[in-house]
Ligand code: BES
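Consider the single chain below, provided in structure tokens and representing the form predicted on its own.
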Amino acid sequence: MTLTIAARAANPATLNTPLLVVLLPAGTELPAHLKALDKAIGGGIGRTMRRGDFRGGRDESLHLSGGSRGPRRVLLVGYGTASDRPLALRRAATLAARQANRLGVGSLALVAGTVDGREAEQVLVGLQLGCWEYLDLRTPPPENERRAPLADATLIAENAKTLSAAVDAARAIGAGYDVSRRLAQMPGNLCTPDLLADTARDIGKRHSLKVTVLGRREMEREKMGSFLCVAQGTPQDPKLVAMEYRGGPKGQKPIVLVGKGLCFDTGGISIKPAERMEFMKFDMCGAAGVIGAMEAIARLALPVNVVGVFGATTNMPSGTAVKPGDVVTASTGTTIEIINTDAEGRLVLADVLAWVKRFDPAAVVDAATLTGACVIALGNTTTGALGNDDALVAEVVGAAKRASEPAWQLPMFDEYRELIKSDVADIKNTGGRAAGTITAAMFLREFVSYPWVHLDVAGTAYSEGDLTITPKGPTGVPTGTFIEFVRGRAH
């Protein structure tokens, strides 16, 4: 269910809502804008704060009963001492929406004091992220056990009339995240290359985007031996999809967003351990991020040209699968020795990155759940960022920060290329355990001829456990980073 969001001016003390969420910083006294509300519920907020029962720390929450009139419940949520208030408000709003969904309140109102446009947008995006669920395949509980999902959320602000642009932007961004997370959460037998291509076509039809789809035969004509070697072990038709949004001036070089779309990754002949292999349905989160970002960019009607491209297939072991020791030839003529068939994402991206040269891009940003080494290096908090243009990397890292999807630059010194030299071909597809994230990026660099940044989202695109504001499953990364990068270029 899509959350309906709005902003309006109202008196929180007299607001007839099942739940009023109040976002508060750390160490604050009762703010002036809450005194009437406090009085209406018998002074409960003030007493709670004076006693130190609620101190406004990050992720701290306290649920209070309402009065005989006005809000029926009040939920206090802290956002700590924040250096970036908009992102702190977003996190708190996300947590509030998760709790509201569990409570089954159906609708809520939220108060955060005085907010500007960016703060309002972040709050409303957070609410949409927090109430997101994937219920497509679940049998509903008995009617007497059902709770109302969160369907409506309103930001209460005195300056609500000035926030219409922020509300519209938040709706667009929320829709983008909804698309990417839904695709990512689908099981691999449903989320196939065909489904990803059909989703792109649907978005193209709704937003008048040109959509190009290449299948196995078309890729054979393009001599994409690197991509096709990954797909040779599966009967499913691989897809290379391009979605063209032309919101900028004619002739303006486009930004190109590229995503890895491995709808399931067994590792191929170099098969993965059975334990936790089910999470490999998330190996298409880069592609999901591209698709979700294109949905949002089109809704935002940004004055810039953008092309979203992804390569989709599955990596399966079979009698026809590529083997360690094989040598394949990419569309550029580069020969590649296959050392490990589980280093397949870079093989797909190699031909995709070479193919997008035809768009004469101003910049290319790719995202992929590429290496376990990135999870070891940066955990589940930070995306690895690498590229051939330090200024562009800094721009993308800045966009990631604005999107609350933090990224950190890793080096790409020429010495690392020595690790992917092959004895029998031009390069090999893995350089071993040392500097695994960097050597994967060095491999990709062989196929780019334009300003380029690679985002390794292996640790950030999905979570194998609950992350307080994000449940187990897809986080939506890198959707927001793509959107914010394009918005930055548009403005």
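In this text, residue numbers run from 1 along the sequence as written. In this text, all values refer to a predicted model and were calculated from it rather than measured experimentally.
The protein also exists as the form predicted in complex with the ligand; that form is not presented, and the subsequent description refers to it.
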In the model of the complex, the residue from I291, A157, L349, L370 with a non-hydrogen atom within 4.5 Å of the ligand is L370
Contact residue in the model of the complex, from F282, Y245, Y177, Y79 (heavy atom within 4.5 Å of the ligand): F282
Hey, of 80-88, 180-188, 357-365, 265-273, which bit sits against the ligand in the model of the complex at 4.5 Å between non-hydrogen atoms? 265-273
Taking any heavy atom pair closer than or equal to 4.5 Å as contact, tell me whether Q409 reaches the ligand in the model of the complex. no
Give a yes or no for D342: in the model of the complex, does one of its heavy atoms lie within 4.5 Å of a heavy atom belonging to the ligand? yes
Heavy atom of I45 within 4.5 Å of the ligand in the model of the complex: no
Report whether the minimum heavy atom distance between T430 and the ligand in the model of the complex is within 4.5 Å. yes
Within 4.5 Å of the ligand in the model of the complex, counting any non-hydrogen atom, which residues from 433-468 show up? A458
